[in-house]
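Here we start with a single chain on its own, the form predicted alone, put down as structure tokens.
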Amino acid sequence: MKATFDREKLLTAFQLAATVAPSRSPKPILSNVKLEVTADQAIVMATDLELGVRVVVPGVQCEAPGSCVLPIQRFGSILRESSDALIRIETDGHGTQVRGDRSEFKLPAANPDEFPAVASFAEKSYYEVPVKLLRELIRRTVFATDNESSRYALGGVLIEMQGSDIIAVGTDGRRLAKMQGQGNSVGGHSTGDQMTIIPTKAMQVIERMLTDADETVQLAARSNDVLVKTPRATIYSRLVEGRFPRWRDVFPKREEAHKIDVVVGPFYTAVRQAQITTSEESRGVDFTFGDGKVVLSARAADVGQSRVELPIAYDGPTIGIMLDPRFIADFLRVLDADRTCTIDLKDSEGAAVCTTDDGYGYVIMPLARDH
């Protein structure tokens, strides 16, 4: 292999791939990234056997196609520390030479044939989603997942693709986030009755690969794994095994709930202020809605107490609920500050349901008050 790379572009692709490689593994070769160069393109690959990525490196001049295995720490340091615009990489079977204008490194060469194969995207049946929507689907659900759960498969985001609807759901049992949008099924692709639960780490990697908001992404859910093709990368991930809760049952069907509209930015500020006087033992914040305002109050024995008042457009009957402010803050953090969201409350013991007008729903279970 012999090729010349734009150092910045190679560094960007290399860093994206390197996030997938395991820091410790019984297979030492997995602590490397594989670089494959053909006459048409260059791709860097990494995998931990559960999750794999193929990232395209633009702007490559190929003199001789081939592949090499590059140690993440050493090669990453070479790319970061160099000030050269172009980097030349050459392998001869005995080692890999990395040259800049005034620098030269020789790295030991592992056999690239020993690097595990990383799946490419060759699916005829898949689902097409705008990058902007997929980014929102991930951002608005992935924070609610739970990797510690043993009862349910909560360590990932459930994806449902049916017709033109794509739905993402994340939950840890105490709150549930659901985002819905419109996609396009190609070749009749759908998840059907299958539970397609994509691991939290894989979702975070996919989000990192979503750079151009005007592009589209292709998703192909299979029986045990999922393939995602973005304009710059292909991501392969095994699915989380197990059952996901019946999430539709979590959204309460209410006839007589109180609907309260709040502006995200000011409400988020008030929540963070009230949270200051909470502790691990006393996590709850009391939210009291009524008389054109919401009053947030918190008290913790060793910390103190707070009372924050915020005017809102609500003049219905007074209603109060105690919630974990971290869960409310997580919901508000992924929304634009000038957006309005609706909080649906029945009483102090029923779940709080927060919704937006663009397909986002969030359910939070209340905390029990100390009597």
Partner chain sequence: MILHIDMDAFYASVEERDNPSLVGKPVIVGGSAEGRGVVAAANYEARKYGVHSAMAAGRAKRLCPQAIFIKPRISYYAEISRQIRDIFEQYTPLVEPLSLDEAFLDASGSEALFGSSAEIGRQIKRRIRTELNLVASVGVAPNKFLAKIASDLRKPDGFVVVEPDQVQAFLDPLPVGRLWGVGKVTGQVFDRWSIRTIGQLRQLSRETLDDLFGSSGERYWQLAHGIDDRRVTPDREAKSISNETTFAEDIAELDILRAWLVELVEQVGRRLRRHDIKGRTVDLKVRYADFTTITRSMTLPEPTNITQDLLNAGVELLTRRLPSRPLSVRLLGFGVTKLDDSGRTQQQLFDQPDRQRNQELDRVADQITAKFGKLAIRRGARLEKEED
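Positions refer to the first chain, counted from 1. Being a predicted model, the structure only gives us computed values, none of them experimental.
A second form of this protein, the form predicted in complex with its partner chain, is not displayed here; the remarks below concern that form.
Contact check for E36: no non-hydrogen atom falls within 4.5 Å of its partner chain in the model of the complex. In the model of the complex, its partner chain sits within 4.5 Å of a heavy atom belonging to G173. By the criterion of a heavy atom within 4.5 Å, D193 is excluded from the residues contacting its partner chain in the model of the complex. By the criterion of a heavy atom within 4.5 Å, F327 is counted among the residues contacting its partner chain in the model of the complex.
Though its partner chain is absent from this view, in the model of the complex it lies within 4.5 Å of a heavy atom of just one residue from E280, D113, E255, E81, which is E280. Proximity to its partner chain in the model of the complex, defined as a heavy atom within 4.5 Å, singles out one entry of Y152, F289, F121, Y126, which is Y152. The three marked residues, P245, P366 and R369, each reach its partner chain in the model of the complex, with a heavy atom inside 4.5 Å. Of the candidate stretches 70-78, 245-253, 218-226, 133-141, only 245-253 has residues whose heavy atoms lie within 4.5 Å of its partner chain in the model of the complex.
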